[in-house]
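Encoded as structure tokens, the following chain is the form predicted alone, with no partner shown.
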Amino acid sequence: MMDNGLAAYIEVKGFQKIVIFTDENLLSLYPHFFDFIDNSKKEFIVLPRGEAAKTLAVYENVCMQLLEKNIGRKALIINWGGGSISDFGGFVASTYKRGCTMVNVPTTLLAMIDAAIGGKNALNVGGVKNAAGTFYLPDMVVTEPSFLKTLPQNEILNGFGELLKYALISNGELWEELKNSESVSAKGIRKEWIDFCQNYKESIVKRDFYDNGERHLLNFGHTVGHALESLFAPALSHGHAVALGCVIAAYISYNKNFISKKVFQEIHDFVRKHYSFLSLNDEQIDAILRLCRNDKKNDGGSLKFILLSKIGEAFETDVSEVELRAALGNVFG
């Protein structure tokens, strides 16, 4: 399953050292994927799985390993794995010796359509997701959909939450296709869905790389989603949390008369069909509000939210804590 484009790129660039960040699961499933790289040039660094990799402690440990292996700034870093590896590996590549070349090889649906695209890299700090981060683009992203065949169902659903987001903010036809799909499975994920999400995100990133305006739209469902993920990790995956966050954003959109009750109900029912809902008490709602205050989009004390004006069209606006509390209580209370 070696990608000829990646092999040709490495040969042309002539890297003397290639560091591959991955996890044990991938190494056991695809032990020969990087056999085309000479053993004398490559080093594997195995990271903890999931969000456990994205900590300052792991970052320091990995940097120490790179120093001990005499890895210079002209080395290539390959992030081979899911979204957490793209986030973490990108952070390392952008900061180690002030920047190394990197390539992303995403292996999950979430990484293929979101985390590996766009140059955002991050660590979690103090229980706040992606509190420390950089903007740093990979030289290339190698997408191999056959990786999806070995993903467990919960990981397909993890990526599907981001796919839902793309449909709701930018593509009514995609929403109709998702809404009419009976089940969510690796076999049912279409290559054209992946291509659309990648192209859409890349087009926005090209216009707003540093996330000062239009790129905020990609955070639909994420303000509450990140708070839920931080509060209930590791039981709640990123995509599950984002899907629930989409329901909250849709409810606020309905409550502020931007979309109809019918549209909100369709979104609510679709997410409930594929994901379990939460039952939140007042203490948990208070915690979610505290976490939402730390969202990077906030400015001057107000909560910045991405809401829907219709299916396929979104915009940014202020939402009060009273409105957010009411939404959480009505949907998950």
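Model, not experiment: these values are computed from the prediction. Rigid core: the largest C-alpha set superposing within 1.5 Å between the two forms. Note that residue numbering begins at 1 and tracks the sequence as displayed.
Separately, the form predicted together with a small molecule exists; it is not shown, and the next lines address it.
J.: Just one stretch in 183 to 191, 169 to 177, 252 to 260, 115 to 123 has heavy atoms within 4.5 Å of the small molecule in the predicted complex, so which one is it?
T.: That would be stretch 115 to 123.
J.: Give a yes or no for residue 49: in the predicted complex, does one of its heavy atoms lie within 4.5 Å of a heavy atom belonging to the small molecule?
T.: Yes, residue 49 sits close enough to the small molecule in the predicted complex that at least one of its heavy atoms falls within 4.5 Å.
J.: Even though the small molecule is not shown here, does residue 26 get within 4.5 Å of it in the predicted complex, heavy atoms only?
T.: Because a heavy atom of residue 26 falls inside 4.5 Å of the small molecule in the predicted complex, the answer is yes.
J.: So in the predicted complex, is the small molecule close enough to residue 83 to count as touching (4.5 Å, heavy atoms)?
T.: Residue 83: yes, in contact with the small molecule in the predicted complex.
J.: So in the predicted complex, is the small molecule close enough to residue 36 to count as touching (4.5 Å, heavy atoms)?
T.: Taking the distances in the predicted complex, the answer for residue 36 is no, it never comes within 4.5 Å of the small molecule.
J.: Do heavy atoms from each of 223, 272 and 305 fall within 4.5 Å of the small molecule in the predicted complex?
T.: No, the whole trio is out of contact, none within 4.5 Å by any heavy atom.
J.: Using a 4.5 Å cut on heavy atoms, which of 94, 143, 130, 198 is close to the small molecule in the predicted complex?
T.: Result of the distance check: 130.
J.: Please determine whether the C-alpha atom of residue 130 is displaced by 2 Å or more between this form and the one not shown following superposition on the rigid core.
T.: The answer is yes, as the C-alpha of residue 130 shifts between this form and the one not shown by 2 Å or more after core alignment.
J.: With both forms fitted on the core, check whether the Cα of residue 254 differs by 2 Å or more between this form and the one not shown.
T.: Comparing forms between this form and the one not shown, the residue 254 CA shifts below 2 Å.
J.: Using a rigid core alignment, state whether the CA of residue 91 is displaced by 2 Å or more between this form and the one not shown.
T.: It does, since the residue 91 C-alpha is displaced 2 Å or more between this form and the one not shown after the core fit.
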